[in-house]
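Given as structure tokens, the chain that follows is alone and in the form predicted alone.
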């Protein structure tokens, strides 16, 4: 079983996804928000690349059946119901609803992965559930880090490393170079993830915006132990 990692979606050739399991990671915060929403009972999530696309899509839904959600450059979108903070996605707000979600990096990475046999949504908050699924499938797997505005981010790399470190302890795998680096970086940082990320761009920006509670949530392992899967344009909870 081969594990490959990509620092940003722009470094992937989409045809490489064919017949692979693809794991999309945007730990701060899109993948964390999606898993939190699924864990708290939303019906489904439609990941949308552009704001206007989400607004136009909303016209096809009954008024009380959906919520417009997302961010641009970490900030809420004017007129939307929810931002990209997983802490906003409480059961009493989202249960049974369709979420039309657009984010700066994460939803774009998901929509680029549609040629894969399976697309998983991964965060620290569902890391073990995601790893269990990957090990059960035993298929070549690609980790796609969403990054920030086309640039590498350590937070996504460490999340990929958290998965890879676990997988290689359970089954025989062949790792590419970035998978080796990501796994080693996670093993070195385990138990001190916040300290490791303290000086990174996106972590610092979130701290400056007062989003410390979001950072704590997104970087806590296994508090939403579910599998999120993207299929036919929709992200849903996979009942196994």
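Values in this document were obtained by computation on a predicted structure and should not be read as measured data. Positions refer to the first chain, counted from 1. Between two forms, the rigid core is the largest collection of C-alphas that superpose within 1.5 Å.
The form predicted together with a further copy of the same chain is left out here; the points below concern that form.
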Exercise. Quick one: does residue 50 come within 4.5 Å of a further copy of the same chain in the model of the complex, counting heavy atoms only?
Worked result: no
Exercise. Does residue 153 reach a further copy of the same chain in the model of the complex if we count a contact as any heavy atom within 4.5 Å?
Worked result: yes
Problem set entry | Heavy atom of residue 55 within 4.5 Å of a further copy of the same chain in the model of the complex | no
For this session: Would you please decide whether residue 11 lies within 4.5 angstroms of a further copy of the same chain in the model of the complex, comparing each non-hydrogen atom pair?
Result: yes
Problem set entry | Stretch from 34-42, 184-192, 56-64, 210-218 whose residues place a heavy atom within 4.5 Å of a further copy of the same chain in the model of the complex | 184-192
For this session: Counting non-hydrogen atoms within 4.5 angstroms of a further copy of the same chain in the model of the complex, say which of 127, 99, 157, 167 makes the cut.
Result: 157
Exercise. Are 149, 178 and 199 jointly within 4.5 Å of a further copy of the same chain in the model of the complex, each by at least one heavy atom?
Worked result: yes
For this session: Answer yes if the CA of residue 16 moves 2 Å or more between the shown form and the other one after aligning the rigid core, and no otherwise.
Result: yes
Seminar exercise, completed: The CA atoms of residue 14 and residue 180 move 3 Å or more in the model of the complex, ending up closer
Exercise. In the model of the complex, do the Cα atoms of residue 48 and residue 14 sit closer or farther apart than here, given a shift of 3 Å or more?
Worked result: farther
